[in-house]
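Presented below, as structure tokens, is a lone chain in the form predicted alone.
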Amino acid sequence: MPKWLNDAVFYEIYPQSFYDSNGDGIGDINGITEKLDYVKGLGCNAIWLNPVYDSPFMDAGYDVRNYKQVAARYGTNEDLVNLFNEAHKKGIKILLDLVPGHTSDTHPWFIEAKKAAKSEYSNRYIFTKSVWDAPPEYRMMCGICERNGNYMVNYFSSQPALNYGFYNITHPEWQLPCDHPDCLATVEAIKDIMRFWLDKGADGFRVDMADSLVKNDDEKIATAKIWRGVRDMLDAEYPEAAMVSEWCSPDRAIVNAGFHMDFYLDHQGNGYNTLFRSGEWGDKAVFNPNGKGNVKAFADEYLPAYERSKGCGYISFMTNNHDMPRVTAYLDKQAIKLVNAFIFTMPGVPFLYYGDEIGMRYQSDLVSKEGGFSRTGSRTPMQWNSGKNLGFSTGDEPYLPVDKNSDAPTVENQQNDEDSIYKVVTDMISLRHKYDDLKGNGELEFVYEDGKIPFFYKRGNLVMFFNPLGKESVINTNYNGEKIYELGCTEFSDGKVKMAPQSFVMIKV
């Protein structure tokens, strides 16, 4: 296990939207390099970089055309290596986004696989035997190849699924077992891509749709076996490299598959949803001040997973990501401050989505761009200052619009605002680095009364009390001590802490 993860705080950068260094309206790698001091100033010492590979951008770069080539709009391979080097000088690690489940339908592998003539790539993707064979239980593209067969897609029609085999074979005429040489060759091809970038200075990978590899693998047994093999490769050849999975199943991702981290995100109504988004746009969330939330629903789901996985890896909370509406769409400013206090004081390895530190808004009225659809409004350009395009680009029109409101939050107008989300985010990250009890490996004692809010948790000698409710509340507690940090008024006396509406306090006992 890489030791650096224990004190890691990640910053997710959506490259086309972070900073445009050449005025073409699209963010680029050199723009990220220019802003490394900003990232470091947040307290973030690691970056997750969304895909920067060559792509037709039908799905924002998650449709890869060449895994070993940086997209021209972002720069060159040399620019990316320079980013690695400059980040490392500043003590910042960088994870690339690995997309192992599918490629673009313009990838050279797929162009060869579509041909009628047999080649080493004929089984790199999943094809049925006949164009008339399109089982309804699978997502298939029909009748558009020279080859007599239909191919399976993972997501959009332009994303053919790579072939890692089938755990349970239901159509033996075209489904291959996981140990078929051609399926094993797919695994080796992904390892080859990983080695390519690790040798150039990458510090690891976030793995897109990590559970999507082997088909008909409901319990993810064969998929986990593949990733365990990848982890063995990393341990032997790149022991300081790290992987975080988009899986949202710590038992499978961390314990079984060997990932160092697993995202705890809005998926299948899990604990993340319960905390921040439950109900219609968060009206039953724990952190909604209306009091309809139930913290027990979160604790019942999260705590057992935390106990089972904590010796093997980290559950990673995130403020949001490129696939979810920004939190500003469904919680108010004070609630968002409490959300950040929670995320950055919990165990595991936290992730901060670009722009969340300044409270960027979700732009719900945008037309889909690059396959974003409802996600497009969370992918708009970073807002740096009051200048042209809010400092994102000197070009005439960025590829997506910035916030047009007169009160649009920017780094410039938030950094020195004592009442800003930015201040809470940076304060909490600073405290996380300062106190070992708040780091990834620190212990957790979570306390609540039968699902009622408010609640608190203890990590070593630090206790965090939360009252997300829109009314004054009291917590019975035996803990008292020095106040380390406070949002809203709190008062300790007679075995109780009286908390103002939407308040938080951290004490040292």
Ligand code: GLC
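Note that the coordinates shown come from a computational prediction; the quantities given were computed from them, not determined experimentally. Residue indices: 1-based, along the sequence shown.
One more form of this protein, predicted together with the ligand, exists but is not displayed; see below.
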In the predicted complex, the one of 107, 93, 379, 326 near the ligand [non-hydrogen atom within 4.5 angstroms]: 379
Contact residue in the predicted complex, from 337, 432, 206, 220 (heavy atom within 4.5 Å of the ligand): 206
Answer range among 140 to 148, 173 to 181, 155 to 163, 292 to 300 for contact with the ligand, defined in the predicted complex as heavy atoms within 4.5 Å: 155 to 163
Contact of residue 62 with the ligand in the predicted complex (heavy atom, 4.5 Å): yes
Contact of residue 102 with the ligand in the predicted complex (heavy atom, 4.5 Å): yes
Interface membership of residue 246, the ligand in the predicted complex, 4.5 Å heavy atom rule: yes
Close approach of residue 375 to the ligand in the predicted complex, 4.5 Å, heavy atom: yes
